[in-house]
Structures are given as structure tokens and as C-alpha cells.
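First comes one chain, alone, set out as C-alpha cells in the form predicted alone.
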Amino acid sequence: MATSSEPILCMTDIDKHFPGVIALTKARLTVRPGEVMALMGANGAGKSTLMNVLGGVISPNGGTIELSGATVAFQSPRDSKAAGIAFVHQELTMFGTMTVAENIFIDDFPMASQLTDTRRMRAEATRLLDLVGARIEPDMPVEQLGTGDRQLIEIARALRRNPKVIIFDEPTSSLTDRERHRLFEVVRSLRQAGAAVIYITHFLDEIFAVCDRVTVMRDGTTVSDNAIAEVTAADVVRLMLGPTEEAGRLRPPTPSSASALVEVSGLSRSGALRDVALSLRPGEIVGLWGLLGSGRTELIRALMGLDPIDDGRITWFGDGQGRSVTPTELCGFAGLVTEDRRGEGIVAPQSITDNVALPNLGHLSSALGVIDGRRAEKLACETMNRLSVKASGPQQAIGTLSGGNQQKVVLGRWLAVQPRLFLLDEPTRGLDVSAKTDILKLVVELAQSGCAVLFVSSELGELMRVADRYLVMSRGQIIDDLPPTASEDDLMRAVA
């Protein structure tokens, strides 16, 4: 079916403000029947907020939504669903012990005489499963099915009410290549049937495989809307990231001539990492670059034993002779800064002293295991003074500090432990320019003291201020190792 010239959905000048945060500013999105529209943007670009407005999860502060030519305002997800908006979510919401048919109709069972009409439910489930090309028996328990089949059930459930607009939110994040291509065929069949599809993904190759147009958001605003034939993958990356901040390097590139401190080979985890190999040397900062969803955080978590691995070898040379170690053992030599500062980095209600003490309990405890409060507070004061943490004192709750000061404490608490290796996952996320520079200077100091640093950042300009070389990730693999002379375009081309 040819794409209609008249849009079925127009979101115009959508604004959304949260306390202290401007999430959307004049955002817009237009989709036509028989069209697959890719919605792209880096983390924090506003995609999820815009879709939450469309889904009735949150109310906008301004702007209009037109559906089939009529202005609409959704007060709840039920309103959105009733108007013909359907979501296929990244996280599959399946009840494993229930049947396929029951999962498809979980929120609205067909009834007959106050009982579930199982015959009609099975027949309608079979029709919907045929529609998405799923060869699944409607009476089969979902727990017996793989991820790909469960994804098709999720799509069948979304199609039950003949929606006008279908949103696919990262639908292939946990699918195999075969399942991914089967999903593409379903999306193409929906387009052929005249459906309007919004396709959200971080995998660039997918939008060129299945989408007709691409809308790119950045910093809460829509920055482009183009036919897919009018742009290249590199164009989309540039639009997503915007101009790189022109800021000077904090130190010249300093490639290390030392032997490796740690080597990783064949590191794999089903659905997340594939045959990852890397080496880190004392005194160098290695930038780990890739689009969101490339596997950067998964690699950091696997190295620290936070997520299991299926295969791979980690060799530690910190004691002069290489020996194989487990991720749990590597954790004993490394300092970690996670990307989720408030969720995983700090204990918000506790004091600065308590948070600084966390990785230092062995040094601060007596032979009986009792923490020495005076020594803990002294360590907190030393950390605050060294890193210029702005607070009323070491007993102030860390959750009341600014984001930059919280992150200084998170990094600073490792200094007494003196790990040889630092794994930093988006350590400057959500910080202002001044706080970012302070954190970057601390990262440089760590490298100058002889530590090896693996530094993940979504901001190219930030990496290029400190990194000595760049590892590029895509789909759970390291696909390139670029020298310090690599340009912004080199890194963008690598992921494109």
C-alpha cells in the first residue's frame, strides 16, 4: 500500500517541563499511514518523554496532538489505547504460566455469560498470530517459548484493537539475527496493510533496512525529519550528537609504552557481548565509544562481575606475572563508577562520611569488625578537601549535594583504596560544564598516577579531551581500536 500524503498523527510544538528540567521544547513528529518512521536520538534526547505524552502516561505543558485530523488530549494510557495508539515495548510483559491466547487478551478477556469465552479467545488469537506470521499454538504456555516468539505475541496483542499507530520501542534489543529479520518482515507487512509505525532503535542498520523516514531528536527538540534515502548513517549520527564541544585537551595524548595491566579475550554473554578483546595499560585513558545499546555498559558490568559471562578470559598483570582472574577477583583491583549515580553510585540518605567509607571498610574497621567513626570522618574530610567538594560538612547527606559534588565523592572514595584500574561509565552524565571539567581533570590525575582508565562517554567532545586511544563498540563487539589522532568523523564513521 502506498504511503498516504495526509498524516494520521501530528505532534506539534510539544513542551514538557519537570521540576528543574526541560524535557521537551517544541518537539514535533509526523507519521503517515503506510509509513515506518524511525525515531532516533541519543540517551536523554526526549524520545521516551515524547512517546509517554503520546501514550497518555504524562501530560504535556504545551503543544497539540492531532490523530486522524482531530485534536486529542490523552489523560491516561487507557485514553491513548482507546484512540488507537499501541505500544510494543522493549521489556516484554508476559505471564509465563499463562497461555499465548491468555497473554494476548490479558487486559480484556472476551466474555460469554460472565465467563471467559475461551473458544472465541482462541480463534481470535489464532487470527492475530497468523497476521504476524507466528506459528504458535494459542494454548501453549508462554514459558515454553523463546524471546522471538514472545516478541511476536507482544505485537499480536498490540494489533488486537486495530490500532491507527503502532510504536515499536527497541524491539530487537534481545533478538537473534534470525528473529530480527522475522520482525522486519512483520513490520513490512504492517506497512503494506496501511499501518503507521513509529520505530525506535539505536541500531542504525535497522532503520535503513525497514524504515521510510527518520526523525531525529536532540536535547528535547526535533532537529530533523528526512526521507531515509536522503541521509546516510553518518548523517544520522551527526544529527543525534550535534556539534562537538570545542574545548581543549586537558593533557596531550599519552600513549603508554608499559606492558598491559589487564587483558581481556573472548568475553561473551548471550544477547549482550560477543568475543570482546581488549588490553589496558598503566597511565593511559582508553575511551570506549559507541551509540547507546552498543554494549558499553554491559561490558563494564561483566568485567566487574555484576552480570554473568558465558565465556572469556581476563588476565591480570598487576603483580608482575600474568594470571587468569574471575570478574569478581578483578573487582578487587578496580574502582567502578556506574552510569546510574543515584541508583547505584550513592546511598542518598546517608552522609558523605558513610558513602566514602563504603569501599574502605577493611581499612576503617578494627580487628573485631567495628568501624572507627573518627577515622571514617577524617577520610571523608580529606576526600572533600582534595576534590573541593562543596558541602556543609562530612555528615551532610550526600543526596542533598549537587550532581557534580556527588560524583566527586563517588570517585574520591576510591582514592584511599588506590586501585590500579578504573572503569568509568558516563561519569559526567547530568553535570554542568564546570563540574564536567572537574571530573575530567580528576580522571587525568588518575592516569598520571599510573592507573589504567577505561572511560565510557556518549559525548565525543568529552572523550577527545582526555582519551589516549579509542575502542569502538557496536552490537556487543569491539569493532575498532583508533589512535589518539582519530577525528570526530573517524569515530562517527566507525559506528555508522
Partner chain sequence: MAVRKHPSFRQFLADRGFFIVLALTFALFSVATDNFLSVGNVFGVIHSMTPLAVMSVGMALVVMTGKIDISVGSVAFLSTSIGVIAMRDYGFGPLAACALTLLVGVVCGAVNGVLVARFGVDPLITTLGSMIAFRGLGLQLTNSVMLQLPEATRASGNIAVGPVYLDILFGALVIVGFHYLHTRRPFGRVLTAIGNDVVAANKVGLPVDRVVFQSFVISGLMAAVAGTMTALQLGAVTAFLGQGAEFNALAVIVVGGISLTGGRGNLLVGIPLGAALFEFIRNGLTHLGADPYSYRLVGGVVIFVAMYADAIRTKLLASRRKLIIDG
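Rigid core here is just the name for the largest C-alpha set that superposes within 1.5 Å across the two forms. Positions refer to the first chain, counted from 1. None of the values given here were measured: they were computed from a predicted structure.
One more form of this protein exists, namely the form predicted in complex with the partner chain; it is left out here, but the text below deals with it.
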Interface segment, criterion being heavy atoms within 4.5 Å of the partner chain in the predicted complex, picked from 378-386, 73-81, 288-296, 317-325
73-81
Look up in the predicted complex whether Gly96 has a non-hydrogen atom within 4.5 angstroms of the partner chain, and give yes or no.
yes
Within a 4.5 Å heavy atom cut-off, is Asp354 in contact with the partner chain in the predicted complex?
no
Within 4.5 Å, heavy atoms only: does Gln114 come near the partner chain in the predicted complex?
yes
Just to confirm, Arg301 within 4.5 Å of the partner chain in the predicted complex by heavy atoms?
no
Exactly one of Glu344, Glu185, Glu143, Glu230 comes within 4.5 Å of the partner chain in the predicted complex through a heavy atom, and that residue is Glu143
Scan Thr147, Ser259, Ser402, Gln418 and let me know which has any heavy atom within 4.5 Å of the partner chain in the predicted complex.
Thr147
Pick out the residues of 151-171 whose heavy atoms come within 4.5 Å of the partner chain in the predicted complex.
Arg157
State yes or no: after fitting on the rigid core, is the Cα displacement of Met98 between the shown form and the other one at least 2 Å?
yes
